[in-house]
Ligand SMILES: Nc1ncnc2c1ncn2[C@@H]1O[C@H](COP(=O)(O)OP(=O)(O)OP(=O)(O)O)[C@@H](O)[C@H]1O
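Taking the form predicted alone, here's one chain by itself in structure tokens.
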Amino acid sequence: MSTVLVVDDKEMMRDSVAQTLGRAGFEVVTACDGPSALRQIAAHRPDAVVTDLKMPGMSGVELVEQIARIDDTLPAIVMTAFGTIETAVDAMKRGAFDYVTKPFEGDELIITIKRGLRHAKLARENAVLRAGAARPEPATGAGLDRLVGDSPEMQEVKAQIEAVAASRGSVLITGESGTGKEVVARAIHDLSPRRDGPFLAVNCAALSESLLESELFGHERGAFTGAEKLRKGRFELSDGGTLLLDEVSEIGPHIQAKLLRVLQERAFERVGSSLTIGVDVRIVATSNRDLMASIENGDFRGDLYYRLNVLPIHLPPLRERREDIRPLAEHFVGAFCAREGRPRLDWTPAAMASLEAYPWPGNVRELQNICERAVVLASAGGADRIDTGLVEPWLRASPRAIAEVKPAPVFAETGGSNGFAGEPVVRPLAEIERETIIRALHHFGGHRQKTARALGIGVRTLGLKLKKWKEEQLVPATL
């Protein structure tokens, strides 16, 4: 049932319109002037607004402008007398959806409201699609069909998903990087009563604190340099649905405080605004860090942790559920063959044995990358099966394999460049730097944020170095 806010300073007109809309099946709230209308919008989040044009204090046109600043998809319909149609047209230029001329039939107003609701629905769906557009993954169906594998460990995860899906409580999914935590989050959304609502995700580790604040909560026009227009944040766009906070352990203390308030009060303010916006969003968070250790170190708020960890799910690493390697590999190859438009490839027994014997430090994500590479190389070479030659070189070049190689010393007593025995040979600093970074990445399970922090460099600097080394084929592409 859609909610309509009716704004008019004349009680008789206000009540008459409210009764008409109530009989048509709308939920109706009312306000006697512009300021009280803005308070009702913040409190009730109506789906449409019907306002009189001529009101003392804040006029209908001024109210329309304020509504457009709050939510440019909220349809505002202006009621106007015949002699002020030009003013009504001006209101449309300033953000009103349409107008009706007094006296009007109830059906005319109802039809106009329904058109406005359809327009708003399309606008919001478009915004949600834009916000979550660039996340291509091999198709896995919906619900529990997203989770490939029937090992005892995965059966337990599936049972937990079914148990928590119908709840409104926050879910915290833990596990190593690359285990498929986002897939679990999407499965929870698919099985929840919010399945028809939006599902949006934010990678908290990939954004600076200021960018993350704007991404989550939105901002007003002019809130900071470069904020040329109003922007809705992920909380607002995922209203009625699910918001995934990926790697929530990486957010800073300022955002942690704001996030805690949203979880407690279901309300927030956009950056640069004092207007409180209420939302109905279910939070699913993921972390590959030990959050209890982060709390002890003072990096993460304990009260936020307990708000997020209402319904915990732990996703085990791939090496602890080896029965799932074969079905996952077959699934990924099938999906990538379909993407490349070629017949499905089978695995040779030797190639599958190599996969099943490998420890998979990069978990499911590493397996997915190797499957994609195998399909592409097999297609290029005209092969009709995936054999060991298409996978074993990449398994040997994994971060773990590199980390197990003993580093050469900085100086070696094997003779200098001038040929005199015993004179030290100096290794290039670039080589030592590369080896140190690779070892640190392995130590932190491929987590770039933690690696950069430990090495005392920026995440962007680390990413640029890895990109350069990959282009020069100095490090494996899986890093």
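Numbers for residues come from their place in the sequence shown, where the first is 1. None of the values given here were measured: they were computed from a predicted structure.
One more form of this protein should be noted, the form predicted in complex with this ligand, which is absent from this view; the next part is about it.
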Which of these stretches, 358 to 366, 371 to 379, 116 to 124, 100 to 108, has heavy atoms within 4.5 Å of this ligand in the model of the complex? 358 to 366
Listed residue (L237, A205, L147, I325) with a non-hydrogen atom within 4.5 angstroms of this ligand in the model of the complex: L147
Could you work out which of S249, T179, T242, S192 is the residue within 4.5 angstroms of this ligand in the model of the complex, going by heavy atoms? T179
This ligand contact in the model of the complex: Y305, any heavy atom under 4.5 Å: no
Would F332 show up as a contact with this ligand in the model of the complex if we use heavy atoms at 4.5 Å? yes
At the 4.5 Å heavy atom threshold, is V271 in contact with this ligand in the model of the complex? no
Does the 4.5 Å heavy atom contact test between V183 and this ligand in the model of the complex come out positive? yes
Taking the cut-off of 3 Å or more as given, in which direction does the distance between the C-alpha atoms of R448 and G362 change in the model of the complex, closer or farther? farther
Over in the other structure, so in the model of the complex, do R448 and Y358 pull closer or drift farther apart at the C-alpha level? The difference is 3 angstroms or more. farther
